[in-house]
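Given as structure tokens, the chain that follows is alone and in the form predicted alone.
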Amino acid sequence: MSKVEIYYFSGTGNSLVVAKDIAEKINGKLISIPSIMDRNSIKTDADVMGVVFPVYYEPYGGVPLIVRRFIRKLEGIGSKYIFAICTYGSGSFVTLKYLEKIIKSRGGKLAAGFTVNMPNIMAGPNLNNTKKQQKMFEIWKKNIEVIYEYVNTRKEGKFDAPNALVGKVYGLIKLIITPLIFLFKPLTLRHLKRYSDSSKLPYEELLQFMDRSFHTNEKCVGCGNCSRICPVGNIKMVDDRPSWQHHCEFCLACFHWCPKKAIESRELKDTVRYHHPDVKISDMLREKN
């Protein structure tokens, strides 16, 4: 019997739920990416590897920084069947292609890739309300079987689960935007530079300074949940207040999981506070460790 391992990264629980569901379906071992990032190299005797993560900053590849670092630590993956599932709120156009490139640099091959529409963690009430969230969750459940068939038969290819917000139009949107996504790079870079001391840093370094957009309001009680929930240990508690250390993923875990809604950001003025309804903070903390 083949050994299957599912590696995942999640800030609000969307990718955690997807990873858990697919691991249960294909009898795979679930492994949190943050929990193994202290290793110099990562080796596995699994025959099948799955990687599940959210899409961040699509113009620059969409793959979270921690997932990039994880892939670059992999060794001996040349003979493995590797598949990936990326969850997205606004779109996934070049993410799988970028991930494929990183995996190839490690001697492996991305055999199958899937995209799954989940609630947008930066959206306002018009795009992120309970009714629309539930529709996304239902569509995901209906499409687990498709992904299972791919993995179970070692089928190669790509599959986009239906987009809950725009339906079949998403295919046309993807067709139009994909070749033009690079045009958004200057806009993204200019946006990130507002929080850095240097305008000459590359994207991967600029993004880590996005934590300068965060601050606490008068509701903060110094509970330390933000520090514990941060998947990359970017938050220290100083005088009972969070202090961000500038190696941020901008996963927004601190923002969305704060029990007092005490963490705010200049980037998230109208954002609905959200985490997957089937995930508790204890789940996130347990998986992190």
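Please read all numbers here as calculations on a predicted model, not as lab measurements. We number the residues from 1 along the sequence you see.
What follows is about the form predicted together with a small molecule, which we do not show.
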Is G50 close enough to the small molecule in the predicted complex to count, meaning some heavy atom within 4.5 Å?
no
Quick check on S90: any heavy atom within 4.5 Å of the small molecule in the predicted complex?
yes
With the partner left out here, check for me: in the predicted complex, does some heavy atom of A111 sit within 4.5 Å of the small molecule?
no
Give a yes or no for N120: in the predicted complex, does one of its heavy atoms lie within 4.5 Å of a heavy atom belonging to the small molecule?
yes
Note: the small molecule not shown here; in the predicted complex, the stretch from 121-129, 154-162, 75-83, 102-110 having heavy atoms within 4.5 Å of it is 121-129
Report the direction of the Cα distance change between C254 and L127 in the predicted complex, compared with the displayed form, as closer or farther; the change is 3 Å or more.
closer
